[in-house]
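Form predicted on its own, single chain, as structure tokens, below.
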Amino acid sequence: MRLQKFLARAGVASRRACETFIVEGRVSVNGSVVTELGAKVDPSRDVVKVDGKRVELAAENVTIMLHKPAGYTTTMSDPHAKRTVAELVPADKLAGLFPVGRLDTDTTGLLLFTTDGELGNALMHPKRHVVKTYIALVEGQMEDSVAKRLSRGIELSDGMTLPAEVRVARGPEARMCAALIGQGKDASGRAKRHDGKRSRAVLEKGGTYVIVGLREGRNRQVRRMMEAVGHPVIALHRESLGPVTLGDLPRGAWRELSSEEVDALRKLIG
């Protein structure tokens, strides 16, 4: 197995970052520093270290889903964050566990974690176009014509967005969205002030539930798209990533993905 592939699969970092570690002389195999990207290792025999710390493949990789509450920063370690998602998952029991992508601190919903660096980094790769489905509660009454405009793609500060799946939820579907998004409450369960003048509860009464399926993952993309068409986001929730859906997993809880779910993710990324 190529050394950079071994390091990525062990959860050290993305394969490209692992290649940088090798070139920088931070990786050793059986006590000797290796700087050649073509080097190969035998995971069952060779001792591989990064910055002097041994790296091993887990006996079996684990992938879990978390129903992320609001108020938690998507990072495994940050001394400046009040609360991190690492507090909600068994990071101490699963070496190399890392989040697949990220959700904003105020965004709730599905967040995957894995010890499989190859799987995690493939899911995050922009060329994969893995569909992520969000429910957005936005200000004002959005017209279907605006949703269609968003579906075709709109110009943001970092360029044109890819075509997306955007539709206004109405009737029973809107009620389902309201239940899934948790009525826009924060981690403490209280309705927060939105803009310092109007309460969030007041904004919700005149708001619209919008279902958004994105094939790209720009920074704060759903929020920026909605802002661009005059419907700022009040609350945002991610319900699914590719074939994996939250289902009835309680907010703040996690569970391991089934072998069928992991196989579906692997099939998705080829």
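Quick caveat, the model's predicted, so the values are computed rather than measured. From 1 onward, residues are counted along the sequence shown.
Not pictured, yet referred to below: the form predicted together with a small molecule.
The closest non-hydrogen atom of Thr107 lies within 4.5 Å of the small molecule in the predicted complex. Within this chain, His231 is remote from the site of the small molecule in the predicted complex, having no heavy atom within 4.5 Å.
Among heavy atoms of Leu236, some come within 4.5 Å of the small molecule in the predicted complex. Taking the partner from elsewhere, Arg223 is found to have a heavy atom lying within 4.5 Å of the small molecule in the predicted complex.
Between the small molecule and the residues Ala164, Ile135, Leu103, Ala86, the one pair within 4.5 Å by heavy atoms in the predicted complex involves Leu103. Partner proximity in the predicted complex, defined as non-hydrogen atoms within 4.5 angstroms of the small molecule, places exactly one of 43-51, 25-33, 240-248, 213-221 at the interface: 213-221.
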